[in-house]
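There is one chain below, alone, in structure tokens, taken in the form predicted alone.
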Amino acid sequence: MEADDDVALEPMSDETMIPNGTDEVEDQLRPRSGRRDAMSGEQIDIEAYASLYTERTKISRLLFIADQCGNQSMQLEALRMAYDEIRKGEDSHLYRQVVQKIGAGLGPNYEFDQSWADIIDRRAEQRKEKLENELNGYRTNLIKESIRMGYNDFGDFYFAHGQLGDAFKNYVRTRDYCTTSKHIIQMCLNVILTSIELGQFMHVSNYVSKAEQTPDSLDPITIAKLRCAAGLAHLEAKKYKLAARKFLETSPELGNNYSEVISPQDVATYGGLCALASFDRTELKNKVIDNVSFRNFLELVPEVRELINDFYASRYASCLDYLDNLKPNLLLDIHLHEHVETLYTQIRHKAIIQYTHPFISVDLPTMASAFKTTVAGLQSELEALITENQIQARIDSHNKILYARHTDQRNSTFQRALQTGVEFEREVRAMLLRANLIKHEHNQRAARKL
């Protein structure tokens, strides 16, 4: 069970936690978990999916799909789109890595272009030298705003060239030169974006909290961005209830304004699944189904909207169908993939508990049919839930019936009456003791002796 209240995080040492150098690119190309074959269902439309994102996250997501999909044609399509996107930017090292992964799979048009890489590298050296000279001049003149902008330009430069550790350090250095609330917000958003790309979600939480401490400069779009960033940090930490709350609090003003991190469809999917896994029925109704703002996100992903409604209406077969259909694509999501199994298990267990709650007895074959499993498989799930004390019941293995264990009301009443009597007797004794002490002036006598 997750904690109900968000906890403020203490700032960490910013520059010591971040790796630096070209290894960051290899980390992005490397799968974040064990390889899974996620192609058992309908294939994801890579072009439509990639169009939801911009900047580095678009490339990172395409490379992640290429690593995880287990389908050669789909892998080459993702690599082709990543190649085209990289050519629009300035990260020559990432370009070399992707070309190596493509090999000869896409023909001569996607072979290594040495002249392009040389031009990018030469331009980067010239740009870096210019930025260093400008920053040194600003330091000499002690112009605070110019120094802030110089570090910010350096952060943008390193981010564009894939040197995320250096980008993070330069964005953090602007903190000492921020003179207005807007400067602080800009610094926080830059650090949050870089930290998400680095996978350093503790820094994300810290800088979301820092940005929220300047509410006078927060417009609705910035607030929505901070909610999404906080939601991703809680999701990464497996705090699904807190993650659900943050995504549910995201306002529709977000739109496509945070496409460098997340899409509105992701907000609906992440928020909906986390809510199903962690909310009770009342919370699900009040905070999800009746949430007018979040409904705008759910309309973008009808499958998630319908499975939430089916779950609340106890249409479990239909709900599980939607989940099964969504699963292959969710396993290709760069942020959600490692949480899919846990979330699905929690949602299924909640459905089983909800199904059994109103009944004195349940026919296991009928229930197994509703949950699309075998009687033996269902019995194992029920045994685990009974052992964990999540279901108060016992199983008749011979007749395949689940019997609810109802509390003996008569016995419970007697036990409560006896407990009340014991507490009353203890309180009366304490009152009599105090009365006798006062009567015999015990406190005054003790004071006189002193």
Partner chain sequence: MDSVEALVAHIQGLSGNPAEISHLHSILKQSEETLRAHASNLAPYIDQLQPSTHSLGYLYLLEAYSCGPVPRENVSSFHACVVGFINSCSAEQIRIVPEKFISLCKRFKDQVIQHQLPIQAVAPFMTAVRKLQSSHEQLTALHSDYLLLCLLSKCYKAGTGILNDEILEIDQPRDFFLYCYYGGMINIGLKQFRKALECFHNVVTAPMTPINAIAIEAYKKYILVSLIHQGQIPTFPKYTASSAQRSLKSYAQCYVELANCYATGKYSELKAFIQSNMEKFQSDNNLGLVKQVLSSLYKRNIQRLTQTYLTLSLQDIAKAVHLSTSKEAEMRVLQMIQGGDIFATINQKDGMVSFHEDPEQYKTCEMILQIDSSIQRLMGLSQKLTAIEEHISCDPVYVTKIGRERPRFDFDDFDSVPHKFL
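Positions refer to the first chain, counted from 1. Keep in mind the model is a prediction, meaning the values are calculated, not measured. So that the term is clear: the rigid core is the largest set of C-alpha atoms that superpose within 1.5 Å between two forms.
Not pictured, yet referred to below: the form predicted in complex with the partner chain.
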* Could you confirm whether Ile386 comes within 4.5 Å of the partner chain in the model of the complex, counting heavy atoms only? => yes
* **Contact label in the model of the complex: Asp45 to the partner chain, heavy atom within 4.5 Å** => no
* To do: Decide whether Ala393 counts as a contact residue for the partner chain in the model of the complex under a heavy atom distance cut-off of 4.5 Å.
  => yes
* Ser92: heavy atom within 4.5 Å of the partner chain in the model of the complex? -> no
* Asked: Which one of these stretches, 159-167, 189-197, 375-383, 230-238, sits within 4.5 Å of the partner chain in the model of the complex when only heavy atoms are counted?
  -> 375-383
* **Thr420 C-alpha relocation of at least 2 Å between this form and the one not shown, rigid core basis** => yes
